[in-house]
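First, one chain by itself in structure tokens, the form predicted on its own.
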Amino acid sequence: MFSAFFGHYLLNKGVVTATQLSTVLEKQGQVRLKLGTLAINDGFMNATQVDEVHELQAAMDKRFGEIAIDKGYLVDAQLMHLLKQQKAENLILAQALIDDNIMSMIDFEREISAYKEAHSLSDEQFGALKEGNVDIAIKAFLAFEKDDENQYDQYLSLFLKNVIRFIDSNVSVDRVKKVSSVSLKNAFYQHIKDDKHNYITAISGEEDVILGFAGRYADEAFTEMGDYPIDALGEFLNLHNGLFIVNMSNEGTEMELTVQEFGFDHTIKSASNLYQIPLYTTYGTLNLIVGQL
């Protein structure tokens, strides 16, 4: 999850291109994390110290950790901590970027700091993101109004987990935007109702993004909009919303679903609260809409 969040931050900032990001995301499974990258990420060493150790490695038959301890940059406990982290997935994207000469160690160190500052991430929130803790990451990135935040936080957290589970592990979200109305292309939508509320949920995006997303869920290669991709993505929305109302029932709130619908052009208006959340996926950007009618 960290790779997707940080990678799309770099893409939106213009540090990497869409092609570069796509390439390194595909290569993640082949990348071995380097101790220098991990040491920078944990704040044990800076980029200059890591580069110095790498230069010394080229001149002597010693491992990175041995040299770093000899230089006083690491202590034994820190090295053991880094060795345990070496197989973690949270920094594989950064390592791939460095290996492909897209970023330097210094670039990586600077962008990590800028990323935390740009999103006002505490050490706890940043640590949760690196560890793949969806619940805490959602609270860090998505700020709903206080009366709405509990149910919507739960909805978004479950949605992200279901996308990661069924469709795309390289997915991230951006800041929530409150709107009064939104016009959607290729919109899949469904209502969730209880005794007091009529909630609207919707997914929309450009045709190629929808086809890629639906194709991954259905394990099919869709090339044009038609009944099959529409049914597939509608089924995903229905599956997710069904799991959500089961969770709410377990907490004592009974809800029911309407039949999911699809529209090539669809406008949603609300006199209450309506939220739009960008979803960055391998296939492009989708919009997720939640709110009350």
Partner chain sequence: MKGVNIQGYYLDASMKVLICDDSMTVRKKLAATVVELTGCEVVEAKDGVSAVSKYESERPDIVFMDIMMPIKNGLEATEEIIRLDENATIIMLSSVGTKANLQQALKSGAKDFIQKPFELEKLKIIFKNYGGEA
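Numbering follows the first chain given and starts at 1. Here the structure is a predicted model, which means the values were calculated and not measured.
The same protein has a further form, the form predicted together with the partner chain, not shown here; the description that follows concerns it.
- request: Quick one: from 267, 48, 258, 57, grab the residue that has a heavy atom within 4.5 Å of the partner chain in the predicted complex.
  value: Looking at 267, 48, 258, 57 one by one, just 258 meets the 4.5 Å heavy-atom criterion.
- request: Consider the chain as shown here, without its partner, and state which of 70, 235, 42, 26 has a heavy atom within 4.5 Å of the partner chain in the predicted complex.
  value: Of the candidates 70, 235, 42, 26, 235 is the one lying within 4.5 Å of the partner chain in the predicted complex.
query: Thinking of 210, 272 and 283 as the candidate spot, does the partner chain come within 4.5 Å of a heavy atom on all of them in the predicted complex?
result: The answer is no: none of the three residues contacts the partner (heavy atom, 4.5 Å cut-off).
query: Counting only heavy atoms and a 4.5 Å cutoff, which of 133-141, 168-176, 95-103, 210-218 contacts the partner chain in the predicted complex?
result: Careful reading of the contacts points to 210-218.
- prompt: Going by a heavy atom distance of 4.5 Å, is residue 243 a contact of the partner chain in the predicted complex?
  reply: Residue 243: contacts the partner chain in the predicted complex.
query: Looking at the partner-bound form in the predicted complex, is residue 251 within 4.5 Å of the partner chain by any heavy atom?
result: Answer no; every heavy atom of residue 251 is more than 4.5 Å from the partner chain in the predicted complex.
- prompt: With a 4.5 Å heavy atom cut-off, would you call residue 224 a contact of the partner chain in the predicted complex?
  reply: The answer is no: residue 224 has no heavy atom within 4.5 Å of the partner chain.
query: What residues, if any, in 275-293 have a non-hydrogen atom within 4.5 angstroms of the partner chain in the predicted complex?
result: None of them.
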